[in-house]
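Before any questions on how it binds or moves, here is one chain, the form predicted alone, in structure tokens.
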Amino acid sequence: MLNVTNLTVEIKENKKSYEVLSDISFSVEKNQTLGLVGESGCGKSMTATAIMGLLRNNKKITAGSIYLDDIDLIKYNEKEYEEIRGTKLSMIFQDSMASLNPLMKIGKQIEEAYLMHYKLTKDELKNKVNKSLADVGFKNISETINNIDNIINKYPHNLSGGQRQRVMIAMAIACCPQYLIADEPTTALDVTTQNKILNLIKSIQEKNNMGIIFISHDITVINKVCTHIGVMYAGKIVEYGKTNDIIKDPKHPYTKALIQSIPNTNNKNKPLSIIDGFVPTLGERNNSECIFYERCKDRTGKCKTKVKDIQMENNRKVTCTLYY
């Protein structure tokens, strides 16, 4: 199990420290998919970065634990992290064009994923690269654009967005990790390609029995692929539970607003529902009141006090004064 408990991350700016993540807790078991959903700036990618041990410069974990089975990853140094990245824990990054090396051919980049962990002969390495590309949908048929030999010798800018995303997935799953973090892997892809990528991730999960953390700002995508949902707002998880429970009966006003903002064909000729205002910046966050207070349509005077987590049935949790 990947178990995150009370994870708190601080960022230092202009000699001041701010909590960018506050008391984040969730768990992911093998073959489960947890969706982290929320607007930009809610802390989804920061959570992924912290789990992967990639916090740098002015960011640091100040509290909590990240257990991968019986290993507390927070105690790991960079060298120890390098040994488990790719084999136990891996990540598909958000922007494939920025994440792939523009000066290196695709085949060489996938080779690096293997050479980090294994000593292989030239033939063994070639076979593994070919298999990785075949596993993510590239076929060894000379007439098609997806010919593996053709892809191996291309640079990232020679590929389409969908093809680059498949290459990113191939690199992430090369060493059969136990847990995979997918950070908005379908952003900027058309709907058809998006569905192919989602189906691909699902099939790989079933084949390898992986646990997945799937990050997205689109709750409809989360609903398609996730068994559980953590709704994030301003660095906190405000609602957590099984996907069906949350989609059918959202409890937190922010979750309700996210679901209501989904375009619906039954509401033709009606304006789209929106959430007024913006996610508060780090300097605007007030820990003595509900962080969603300024944007909430259900706010009361009670919300001006620090809000506590309420545990509900079916291992569900909501952080809102409406329930106490």
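Start at 1 and count along the sequence shown; that's the residue number. Note that the structure is predicted; figures quoted are calculated from it, not measured.
As for the form predicted together with a small molecule, it is not shown, yet the points below apply to it.
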Inset, instruction - Please name which of the stretches 45-53, 23-31, 260-268, 61-69 has residues with heavy atoms lying within 4.5 Å of the small molecule in the predicted complex. - result: 45-53
Inset, instruction - Would you please decide whether residue 275 lies within 4.5 angstroms of the small molecule in the predicted complex, comparing each non-hydrogen atom pair? - result: no
Inset, instruction - Verify the contact flag for residue 111: yes if a non-hydrogen atom of it lies within 4.5 Å of a non-hydrogen atom of the small molecule in the predicted complex, no if not. - result: no
Inset, instruction - Answer for residue 310 alone: is it within 4.5 Å of the small molecule in the predicted complex, judged on heavy atom distances? - result: no
Inset, instruction - Give a yes/no on whether residue 40 approaches the small molecule to within 4.5 Å in the predicted complex, heavy atoms considered. - result: yes
Inset, instruction - Flag this candidate site as yes only if 11, 94 and 282 all have a heavy atom within 4.5 Å of the small molecule in the predicted complex; otherwise mark no. - result: yes
